[in-house]
Structure formats: structure tokens, C-alpha cells
Ligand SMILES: Nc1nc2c(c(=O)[nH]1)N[C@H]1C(S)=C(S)[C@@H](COP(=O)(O)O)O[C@H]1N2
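Given next, in C-alpha cells, is a single chain: the form predicted alone.
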Amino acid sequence: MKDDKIDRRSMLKGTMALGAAASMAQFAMPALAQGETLVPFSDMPEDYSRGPALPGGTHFQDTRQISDFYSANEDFYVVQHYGQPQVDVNNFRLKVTGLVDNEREFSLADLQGMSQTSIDAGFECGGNRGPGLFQGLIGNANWRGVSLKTVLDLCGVKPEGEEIVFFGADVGSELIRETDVEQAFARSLSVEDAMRDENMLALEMNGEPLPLFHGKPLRLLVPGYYGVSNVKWLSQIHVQDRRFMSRFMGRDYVTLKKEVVGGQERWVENSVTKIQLKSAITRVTSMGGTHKISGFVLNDGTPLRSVEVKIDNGQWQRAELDPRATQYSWKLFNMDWNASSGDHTMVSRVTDINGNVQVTMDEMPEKISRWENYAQFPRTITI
């Protein structure tokens, strides 16, 4: 498909405008309408705010201010573990090494010259949470780039290859067993998981070249997985015949929890990978005496059955999902609410097509880690 001369940014904006026009009758845009006001949550500080993204820092959204289906590139959350490398774009090479038929290097022009694909994908940090952050480590974007499978097929993964490792250009020093060791940020996937059609080597974000904070010039995109899997500043892909163990696969971004294994309760460790079924209420607005409750849903791409909201001790009420949502995007929702004066508690839950229901905090497995916080998140408000 030859469309390199098309203005991708203009095309994307046009698509967004058409999508908004088509859905207005069914779903109100998240942006505040004229005369609509934001109602403060009583569980948030009055001066709660966040500043702009800074090199080497962490940036989160004020989720009350989500104003579109796509997160602006400057609003999409940022987490950096080894600072922010400056990659020489002109001399950039993506190396593919290890158990492949042909070890190769790809320039940026090589990747740009291949058939391009695009996908809407939203994700959150594996450490995103309600208290303190109010679910701010989150974002949703349109991504465009080269299918990961295309590149792997060009190199030919050998039958003995079992694990594929993705190395970023961001490098730091780790003290391991009393020894300073230089390590690049890296994550891995099994060959089977890496070969999914939706996985991408992303070159663009929301119709623009990939911004520096988000991995310029190239990042891995694994739709349906937590953000840590989407390696930024991607520089090398390596195929090997064994599990890859590093800080971010074996020691960090690891959830330690109790599970029943063959009838025996055990503490089990697992790397943070697929997004758990989750929803959260992020804002309440008022206009003309009517209130609207809004929020988001994220999961691993499994189709959804419903999202519901409960006020105080009332019945669960079905909320409306944004029809623009796709398999791997976030799913925005809202529900009209005829509120009465006083203090209220509200919470959302999502159910997928297999009947899995978002758990309450009491139903969460006992775990010792800050990762994978997907329990129902009650909010409090005074009308």
C-alpha cells in the first residue's frame, strides 16, 4: 500500500472528526459542553494537578480532563526507567540477531518503506492505581508502523527459537550481587506471543512521528499488554532458546500473589504482561440539573458484555460505551445520573463476554507488589 505522501496527521484528524459526528447522537463527547461544569470528587485534594512531562520523569494524566477518544501525545502518560536517550535518527539501525536464518539491520528508511499498518491501542502502566494517581498512568492513541511479524518473517526465526527479547536504547547501571552492571531496558515475549498479527514496530503516534518521550524513533507496541511491554527507543530484537531474565522480567514488574496450584495454596510470581479486566470512574459533570458519570475500561482485548455503575447501595445500572472503541483501545463510558443532594459513593464494574466480572478489592488475590491494580475503584462526591 503506497500512501507515504498522504498527510497522516490531517487524515487522522479527519477520521476523528467523522467518528465524532457519527457518534454524537449515541454518545456525548468527553469534552465539557457549553454550560457543563466539573463536579469535584471529595476523595481528591482540591489542589490536585499535574505538570508537563519532563525528561527522565513520570507523567500522568488528570483523568478528569480526558477530552477526546485519543490522548494528545503530550498528555499520554510517560514512565522512564533509565532516563531519556537521544537516538541519532540518521544513523539509526534496528538489529535483529540470534536464532534467525538471517541476522539483519534495518534503517529507519527501510522500515518506513515497508507496508504500514495502524491500530488504536490504549494501555496503562502496570503500577497504575486509584489512590494518589487516580488512574492517571494511562493513555489511548492511534499507532502506525510495521507489523512485527513482517520483520521477524524477513529474518526467519529458527525452530529452536523460544523467546524474543526487545532491547531499548535506554541504559542504566544496576547493583546486582554487589556488582555494578550496565543494563539496557528490555522485555521479552515467547515466539508465539510475538507473532501475533496486531504487534507492531510503531513509527507514528496520532498521525505524527513518534515523539521523543514515547520512544523516538521506534517502539514496540503489544496491544492488550501493560505499558512496560511496549519497549521504547527499540534498538535490538534478539531470538534465543531460553527464558530471558532481567530486572524488568525477573525482578521488577513481577507480581507476587497467592494462588491455588493443583489444590495447594502457593505464592506465585508472574511477570506483568496482559492487562487485567478493569474499569474506573474518572469524573462527574453537571449541566441543567442533570449529572453525568464518565470513566474508562481497559483489558486485554477480550470483547466486553457490559459496564455498570452503582450509586451508594442501589442497583447496578448499565452505562453506555463509546461506539468508537475498538478491540485494544480504551473504552470510554458514561451514564446520566439524577443526583440527590448529599454525600454519595459510586463505583463501576465491567464484565467481559466470557462472564468474567471486575473484582472488588476484597476479591483481589492476596499479593505483595504494587503491580496490577485492577479492583473496582469506589469514588466519593458531594452534591
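The model shown is predicted, which means the values in this text are computed figures rather than measured ones. In this text, residue numbers run from 1 along the sequence as written.
Below, we turn to the form predicted together with the named molecule, even though it does not appear here.
Contact annotation: residue 81 falls within 4.5 Å of the named molecule in the predicted complex, judged by heavy atom distances. Although the partner is absent here, residue 228 is a contact residue: one of its heavy atoms lies within 4.5 angstroms of the named molecule in the predicted complex. Shown alone here, residue 92 lies farther than 4.5 Å from the named molecule in the predicted complex, counting heavy atoms only. Interface membership of residue 125, defined by any non-hydrogen atom within 4.5 Å of the named molecule in the predicted complex, is confirmed. Only one segment in the set 117-125, 102-110, 190-198, 266-274 has residues whose heavy atoms sit within 4.5 Å of the named molecule in the predicted complex; it is 117-125. Contact annotation for the candidate site: 76, 214 and 232 all lie close to the named molecule in the predicted complex (heavy atom within 4.5 Å). Interface residue among 168, 207, 145, 223 relative to the named molecule in the predicted complex, by the heavy atom within 4.5 Å criterion: 168. In this stretch, 241-255, the one residue having a heavy atom within 4.5 Å of the named molecule in the predicted complex is 253; the partner itself is omitted from this view.
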